[in-house]
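Listed next as structure tokens is one chain, alone, in the form predicted on its own.
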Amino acid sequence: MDWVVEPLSQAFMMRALICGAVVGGLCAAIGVFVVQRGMSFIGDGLAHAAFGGIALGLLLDIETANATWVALPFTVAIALGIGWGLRTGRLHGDVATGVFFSVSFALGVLFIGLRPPERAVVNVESILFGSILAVGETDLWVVTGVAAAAALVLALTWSRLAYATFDPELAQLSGVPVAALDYMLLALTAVVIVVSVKTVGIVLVSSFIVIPAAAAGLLARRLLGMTAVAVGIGVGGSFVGLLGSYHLDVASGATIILTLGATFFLALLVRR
């Protein structure tokens, strides 16, 4: 019990555990729809696009902690651009995502290089790899608020989104606004990724979306059950990974992702 109780006595660990659970559960729930649509690469693409938005905020002399508010509309715009390319049929999924995220990431590098030399040096490593242990009360409230709003949107559109995911042609004929739901899912994914960057960083945030959903797809057959399992894996993996990183004194974000990865391989063995 001391292995669990000791970290809980630290205020920064409590904030990190709550934030990790919220982000892990939310990303997993959205990831189920992303993975089932064969769009796993989109999470990685939007994470790299968020780097371009954060760098733009830094170029505008906005502090790193507040640069995510610039990254939010920037990343949503990239997500809608990818959706437009897919809907018009001009670009295939991987091509659209690859082009947009490559350009966005290159813009981020350019924006950081254009900052005047007299400004404070940017800690690029913290942007790329995150720092969930440094999450403050304001960050926690923002993450929780976004999670509540995203969960509400998913609940209100659940049945139609599921219908459009598994049979978009029939859903279109039935009067379901498939195009609007596609854009909504992309925009929602972009928002969740931007607010989650603080936890595990740009490089690893897409793993929060893909790995729990992929593992749940091996263990459950129905969408509702798959979502419940994915959320459980996301929340549990964040909790165990954070406690493990605390006691081993290693990087928290990487430990969380490795814990989720171990869960996926275990699910793969169970499935076989």
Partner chain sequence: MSAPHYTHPDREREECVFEVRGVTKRFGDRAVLDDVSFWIPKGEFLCLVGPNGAGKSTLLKVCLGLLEPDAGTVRVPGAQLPDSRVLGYVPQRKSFARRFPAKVEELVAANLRGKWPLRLRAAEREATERALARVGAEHLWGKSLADLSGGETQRAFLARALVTEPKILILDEPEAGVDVMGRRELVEVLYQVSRSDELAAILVSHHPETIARTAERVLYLEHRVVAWGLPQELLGSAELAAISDPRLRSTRWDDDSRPPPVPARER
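Every value quoted in this text rests on a predicted model; they were computed, and no experiment measured them. Residue numbers count along the first chain shown, from 1.
There is also a form predicted in complex with the partner chain; it is not shown, and the following applies to it.
The partner chain contact at Trp158 in the predicted bound form, heavy atom, 4.5 Å: It does: once the partner chain is placed as it appears in the predicted bound form, Trp158 has a heavy atom within 4.5 Å of it.
message: When the contact criterion is heavy atoms within 4.5 Å, does Glu169 count as touching the partner chain in the predicted bound form?
response: Yes, Glu169 is a contact residue.
task: Verify the contact flag for Leu224: yes if a non-hydrogen atom of it lies within 4.5 Å of a non-hydrogen atom of the partner chain in the predicted bound form, no if not.
output: Yes, contact at 4.5 Å.
- prompt: Is there a heavy atom of Val121 no more than 4.5 Å from a heavy atom of the partner chain in the predicted bound form?
  reply: Contact check for Val121: no, nothing within 4.5 Å of the partner chain in the predicted bound form.
query: Which among 48 to 56, 31 to 39, 200 to 208, 239 to 247 is in contact with the partner chain in the predicted bound form, heavy atoms within 4.5 angstroms?
result: Heavy-atom contact with the partner occurs in 31 to 39.
- prompt: Which pick from Ala214, Val235, Ala220, Val70 sits with a heavy atom within 4.5 Å of the partner chain in the predicted bound form?
  reply: Looking at the other structure, the residue within range turns out to be Ala220.
query: the partner chain isn't shown here, but in the predicted bound form which of Ala147, Ile112, Val176, Leu86 has a heavy atom within 4.5 Å of it?
result: Of the candidates Ala147, Ile112, Val176, Leu86, Val176 is the one lying within 4.5 Å of the partner chain in the predicted bound form.
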